[in-house]
Each structure stands twice: as C-alpha cells, then as structure tokens.
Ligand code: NZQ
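Listed next as structure tokens is one chain, alone, in the form predicted on its own.
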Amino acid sequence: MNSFIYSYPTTQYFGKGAAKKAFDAELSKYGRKVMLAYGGGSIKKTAIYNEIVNLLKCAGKEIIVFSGIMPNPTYVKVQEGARLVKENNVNFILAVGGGSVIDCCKIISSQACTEEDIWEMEFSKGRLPVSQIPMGAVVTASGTGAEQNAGAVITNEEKNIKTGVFGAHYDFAVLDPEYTLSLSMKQVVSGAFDTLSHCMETYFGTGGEYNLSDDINEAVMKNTIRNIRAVMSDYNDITARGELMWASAMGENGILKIGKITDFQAHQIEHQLGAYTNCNHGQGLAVIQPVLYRHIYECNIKKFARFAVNVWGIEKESKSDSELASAGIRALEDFIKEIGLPTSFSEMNIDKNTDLKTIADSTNITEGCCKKLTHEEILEILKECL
C-alpha cells in the first residue's frame, strides 16, 4: 500500500427521516438565505419537494430557487448558479437530486467566492479554489457518490470537454433510501452500475497486490451486485436500496482509495463520449468497461484473476490466471446483460457515424492502471463498442 494522508469532512445522515435530523442539527449554523438547487422538476411530482421546502421554512430560511440543472451539467449552468448566489447574497446551498445537481453545486459554491474563472484557474493556471459557500446535499438518485467528495464532472460545451473540475466539499449529506423510490428501474440500475464502475476503477489501480483497501473494495462490489439483483427482484426493497446508497458513498468517500493510485480510464473515455453525444453515463460505462478490460487484462493478470474469484465467485479448478481473468471479464459482461444495460453504442442509439477519432484524441489518458493507453488504442476500444 502506498503512503497516504486521510481526512474526511462530510457528515453523513443515513436512513428514514434523515433530512429532518440533518436540518435540525445543521441549518442553524448558517445564514438565512438558502439556494435550493434541483434538476428538471421531477422532485415536485413527489413528496420530496414539499418536505424539503417545509423543513427549510420551519428552520426560518428564505428560499432562492435554482432549477433546471441538466443530467450532464454544463459550465454555462455553473456560471448561472454562481451569479444567482452572488446577486442574492446566498448563505447556504442545498442541492437536492442526483450526481448532476450535486456536482454542479460544488463548482457554483467555489465560483461564487471568486472573481476568477474557475475553469481557467484550474486548467490554465494550475490553481484550485480555496473558498466556498457552505453546502448540504439531499441525495435522490444514488450511484455517483458525488456528495462524498469535491470533484465534479462538468461539460464545457464551448470547448467540447467533459471532465473533472475541483470544487467544494459538502458540509453534510442526507442519504434516505426512500427518496430513490421515484426513480425508474433503468435509473436505479444505471446509477448502481456507476458505483460498481467506481469500485473497479479503484480496484485495478496501483498500490500493491494485497492491501486492506482492495479487500474492502471486493466486499463493496459484491454488495452492489447482490443488491442490484435484489432491487430488480423487488422494486420497493428499501433495505437493498439503502445498501446501494451506502455502497455508492463507500465508492467515493475515499476509503477504497487509501494507499492507491486509481485508474478511472473508463470514466475518462466515457466523459468525452458524453461531451459529444450527451449519452447516459452509467450506460456508457457498461459498454466501455468490458471492452477496455479485454484490452488491458494481460498486463495485470493476477489482479484480474483475483477479481474473477473473489468478486464473481468463479471456481479456480484447474484454470490458469489468464483463463480466470478472461472468465471474470465475461462474468462482468454477462451481469451487464442480466440487468438490462446496453453492451454496444448502437443499443444506446449513438450514431455509428459519430466522430470517434475526435473523441479518442481528446480523451484524457490516466496512468493509474496496469497499462497506459495511447489515443490510437482508445480509438480501437471505441470502435469495438459500436
């Protein structure tokens, strides 16, 4: 395991009624004006919106609404939110939604505290923001683990780049599995696969063959697989939904990454695919990840063999490590089919004439995994995904 420093700032409120517990304990710490941020308005079709608004009013807060945050939040939307915070002297930001809303607000929080352009600050000047508007997150769609860290995935449409931007940490997060009951099964499964993907991206990073972080990771991956199946069997299984919600948090709260250099090459490829096609994130990962792993597994056969045995339960019998590794990747692909996620871009209705070369050439290349790819290899992976 590599050397590390670990610090975690976000307070977690998990379970039924978690929003009231969190608001009662936390909101008195902040000023009167709260920006309530959410997406396309689906929360208004459930009891969640009224519950949150009533809790804010009971806490004596003035509500400034910021709605319309899209599934792949844009940098233009970030700037719109930052202007609203400044114009209204907002004291606190409450993000209610899934990863897109939660990510967008992280950058709004930091952008509202500086006159500099955050994008230019980070990517041209190499500096990160140091100030933020305090924030809380109410998670209504789990999977991204976005409430657990300060990284945000933002699409800069002007530059045709979808990438990670560093923003603010949430002061607290509300994780009530009942809030996910309004989602379609497709949304639940797609989000949960993102959790599994985060775990795999971390697991196949570097940091020694045997370490506690990977041992815990295997448990989280098995838990996620088991509970995806449970929710598919019973949509109203709150216990399984709670397990998926906490697995999502574990995937991104830093615990699994301790002592590791993570990979996230599949995410980098999918991000650029999303920048050009606006595709669903979890579905894109489901298509890309098995193809990517078939390209790289021979560079770390022992780890992929361990993945097959410890996560997918494949019997060793007389199999070689190479045979086990291949079987593990097949098991992943079979699971993707089992839960109804796509296995090709055509199933996602991505145009076969999409400029894959431009996507490949603009993809950020990581070094955390067993093989550093070239842009040409990424293009081959994308072609195989068609």
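Residue positions are given as counts along the sequence shown, with the first one as 1. Keep in mind that this is a model prediction, so the values were computed, not measured.
Below, we turn to the form predicted together with the named molecule, even though it does not appear here.
Asker: Considering non-hydrogen atoms and a 4.5 Å limit, which listed residue (167, 73, 205, 81) is close to the named molecule in the model of the complex?
Answerer: Selected residue: 73.
Asker: Just one of 211, 114, 187, 91 has a heavy atom within 4.5 angstroms of the named molecule in the model of the complex, so which one?
Answerer: It is 187 that has a heavy atom within 4.5 Å of the partner.
Asker: Please determine, with the chain shown alone, which of 81 to 89, 141 to 149, 127 to 135, 300 to 308 has non-hydrogen atoms within 4.5 Å of the named molecule in the model of the complex.
Answerer: So the stretch in question is 141 to 149.
Asker: Any of the heavy atoms of residue 340 lying within 4.5 Å of the named molecule in the model of the complex?
Answerer: Result no; residue 340 lies far from the named molecule in the model of the complex.
Asker: Does any heavy atom of residue 271 come within 4.5 Å of a heavy atom of the named molecule in the model of the complex?
Answerer: Flag for residue 271 set to yes.
Asker: Can any non-hydrogen atom of residue 42 be found within 4.5 angstroms of the named molecule in the model of the complex?
Answerer: Taking the distances in the model of the complex, the answer for residue 42 is yes, it comes within 4.5 Å of the named molecule.
Asker: Can you tell me whether residue 100 touches the named molecule? I mean in the model of the complex, with a 4.5 angstroms heavy atom cut-off.
Answerer: Residue-level check for residue 100: yes, a contact with the named molecule.
Asker: Looking in the model of the complex, is the named molecule within 4.5 Å of a heavy atom from each of 179, 198 and 252?
Answerer: Spot residues vs the named molecule: full contact, yes.
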